[in-house]
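Below you'll find only one chain, the form predicted alone, shown as structure tokens.
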């Protein structure tokens, strides 16, 4: 008789804290998502890429910082409420300490041209990190014409016409849901079976 596969071992709170502390300590200007994906998906393999994208999609629809939302979602997925608290604390600790320290120094160095040049360089690096994580997480969306149209429409609405993000989500988001609604064809049925299998897998993981 074949034995049931063993449930994946839950990471310890120390490991969760260390990973999120590292991500919070080396990321600049929003690049934390790139590091989180590298540490959690490629390094520790606590989540696969689809699970990480699922968490990101949920965090994008919630108020607050995406990085904090991701820490709550992933921490809760790994070790429940306590895991979420540990993940958020680890993620926020480096930035909190750094900002308190730099804030005290900034009062005396705000007119220093070397300091201002350094901050410009950090901003450029942050843009590069955001572009990297966008390409890593969205590579599947850049090859489908419909997705490209939705991306372009969102970019134009927000960046060119300066439309409120809330209205963009309500309009373009609604259009996207309508285009991707289940139609009952074979491809959709296969996709729904895949989603059910993933849901059952997640439930089994959560029970353990």
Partner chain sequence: MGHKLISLAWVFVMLSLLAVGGGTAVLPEMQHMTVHQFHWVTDQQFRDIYSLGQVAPGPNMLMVMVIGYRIAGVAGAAVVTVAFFLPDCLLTLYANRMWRRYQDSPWRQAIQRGMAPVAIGLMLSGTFAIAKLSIHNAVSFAIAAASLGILMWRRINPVILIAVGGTIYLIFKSGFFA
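Positions refer to the first chain, counted from 1. Not measured: the values here are computed from a predicted model.
Beyond the structure shown, there is the form predicted together with its partner chain, which is absent from this document and is the topic of what follows.
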**Request:** Give a yes/no on whether residue 57 approaches its partner chain to within 4.5 Å in the predicted complex, heavy atoms considered.
**Result:** yes
**Message:** With a cut-off of 4.5 Å between heavy atoms, is residue 11 one of the residues that contacts its partner chain in the predicted complex?
**Reply:** no
**Item:** is_contact(residue 45, its partner chain) in the predicted complex, heavy atom dist at most 4.5 Å
**Value:** no
**Exercise: residue 49 in contact with its partner chain in the predicted complex, heavy atom 4.5 Å** = no
**Prompt:** residue 165 to residue 53, Cα distance in the predicted complex relative to here: closer or farther, by 3 Å or more?
**Reply:** farther
**Complete:** Distance flag for residue 165 and residue 58 (Cα, change 3 Å or more) in the predicted complex: the two residues are farther
